[in-house]
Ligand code: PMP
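What follows is one chain in structure tokens, specifically the form predicted on its own.
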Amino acid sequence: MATDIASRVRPSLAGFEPYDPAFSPCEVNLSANENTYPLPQDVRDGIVQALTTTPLNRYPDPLANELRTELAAWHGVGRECVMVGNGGDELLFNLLFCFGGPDRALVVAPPCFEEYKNFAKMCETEVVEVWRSEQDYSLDADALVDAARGASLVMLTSPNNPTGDLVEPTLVRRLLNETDALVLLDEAYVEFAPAGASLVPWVKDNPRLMILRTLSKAFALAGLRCGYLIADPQVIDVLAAIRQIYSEDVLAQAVALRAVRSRTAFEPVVRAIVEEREELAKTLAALPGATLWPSSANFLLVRIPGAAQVRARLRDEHSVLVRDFSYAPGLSDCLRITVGTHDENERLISALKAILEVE
């Protein structure tokens, strides 16, 4: 007799599907906001040495304390203010697992990172959406503050994915002063923003402010899955108590530690990506019918007529992959394009001009 497994799934988890970023085999992948530059050679050599000398027969440090100490020193906080996770996603889920739940609400500002909403639903947390302007994707500060007054959590991305804009510090200040919500600022892309964009220095005096960072983007370690949270020690203690044990394995800890200690080696790469972003933005904005929004991240959001078809032709005819957001609410005819190396960007532009028949 057949068993209906689906009927036994918790109601809050019914209907979820496996994550699928719609990757396709291609020669140039500009779809996932990865850092497509190679690791600096000195960093690569150090990582190889760390990998080959790390014993695998012992369990990892459950809290990755050596890495926490290095991250804390970098950001000028105590180790008790840092939590390492298996990518930022683990930390996001754990925050909602801890501070969400029935009769609690999360405020988000779409279009934004869709996993906030997905994790909230998994944790049976109400999601309150305060939509951005359809014209320029700016945030409605008054509406956000009003929504946050009755919420447990607010999650904002700065720079935002997929729009690329920064959250104004004045809005963060209002959320902290005028509401009682925990405020998470997701700074996954902040290394590509102007100096001073990070609000990490605010954490010390604001126990309800939490900053999420990652090694996936500027550090070119997307495959490593290592993120970290900077927050008040009370928040860190709660997360430490409920996290899955040994979620950050010994190899990930060893590689992350070596990369963070070598962080200055990544600065030329970040500068190159920012320079390429500005050049790519000028070229994209000049395409017929294109609308482009300013970005402080390592990607650009561009609206092109027939975006879904353009994306398909880029993939099928030119082996260039970008992310199609034209299906998403508020993002009609929008493509999100990762800023790649100079050669990758040139190939993208050449392909777009061929598809759009630009001389």
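Note that residue numbering follows the sequence shown and begins at 1. This is a predicted model, so every value here is computed, not measured.
Beyond the structure shown, there is the form predicted together with the ligand, which is absent from this document and is the topic of what follows.
Trainee: Heavy atoms within 4.5 Å of the ligand in the predicted bound form: which stretch in 125-133, 111-119, 97-105, 232-240 meets that?
Mentor: In short, 111-119.
Trainee: Contact between Q253 and the ligand in the predicted bound form at 4.5 Å, heavy atoms?
Mentor: Answer no; every heavy atom of Q253 is more than 4.5 Å from the ligand in the predicted bound form.
Trainee: Hey, in the predicted bound form, does F93 get a heavy atom within 4.5 angstroms of the ligand?
Mentor: No - in the predicted bound form, heavy atoms of F93 and the ligand never come within 4.5 Å of each other.
Trainee: V84 versus the ligand, in the predicted bound form: is there a non-hydrogen atom within 4.5 Å?
Mentor: V84: no, not in contact with the ligand in the predicted bound form.
Trainee: Taking the ligand as it sits in the predicted bound form, is R225 near enough to touch it, meaning that at least one heavy atom pair lies within 4.5 angstroms?
Mentor: R225 belongs to the contact set for the ligand.
Trainee: Would you mind picking the one in V167, A188, L280, L182 that has a heavy atom within 4.5 Å of the ligand in the predicted bound form?
Mentor: Partner contact (heavy atom, 4.5 Å) among the options: A188.
Trainee: Decide if the three candidate residues N35, V269 and G340 all line the ligand in the predicted bound form, where lining means a heavy atom within 4.5 Å.
Mentor: No, the whole trio is out of contact, none within 4.5 Å by any heavy atom.
Trainee: Which residues within 192-214 place at least one heavy atom within 4.5 Å of the ligand in the predicted bound form?
Mentor: Contacts from 192-214: L212, T214.
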